[in-house]
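Here's a solo chain for you in structure tokens, the form predicted on its own.
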């Protein structure tokens, strides 16, 4: 199975910059051996869809609402996201958990409605520095898996992706540094095993957290890492082409 590399552009680019970067991706990345997904901000989705059409680059969103329709001012329907040509949606990212106070109940609702509207959820989990220092990483991750995946039913391995992003290792955090490849692989194995027990299906698990051109190959070489969720390094075509190749 191909590795899947997801670019999370976050809220870093203007619309013009997004268009320029997208065209650079098509020129440089269209023949890469791995599966590539780009998640721009909402404003760029409709403009990037025709650029990525007929390429091997898929489109995703950075979040979606917990309902397909309703009086929810400011929310974006997963139905509308899917209609624009997006296939994936990132849910439960640590930045939304921290800054927007999203909890596991809400994230679980979002995952369910995303699946109902034919989107592939990229469900993010990861421990904070406090859990790591207390030796409670696996305990914390298991709790997030049980709450986030509660009541879900998937048919195939391609229906849902889990992204493991240790919060303390995300590059936007002060003093962040990537986890060692061997430790990441061990935790990915644990996540896969526990998710399979909950869902009764295998799922792919990605790693994210200070992924760069210099270390991506080492992470991808690990037995239980099925791909990467990339933040800052995805904003440069040259760096991202090294990561995805």
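Numbering follows the first chain given and starts at 1. No experiment lies behind these values; they were computed from the predicted model shown.
Below: the form predicted together with a small molecule, not depicted.
- Remark: all three candidate residues (95, 169 and 229) come within 4.5 Å of the small molecule in the predicted bound form, counting heavy atoms only.
- With a 4.5 Å cutoff on heavy atoms, residue 127 does not count as touching the small molecule in the predicted bound form; it lies far away.
- Using a 4.5 Å cutoff between non-hydrogen atoms, residue 8 counts as a contact of the small molecule in the predicted bound form.
- In the predicted bound form, the small molecule sits within 4.5 Å of a heavy atom belonging to residue 210.
- Note on the interface: of 161 to 169, 140 to 148, 72 to 80, 99 to 107, the segment with non-hydrogen atoms within 4.5 angstroms of the small molecule in the predicted bound form is 161 to 169.
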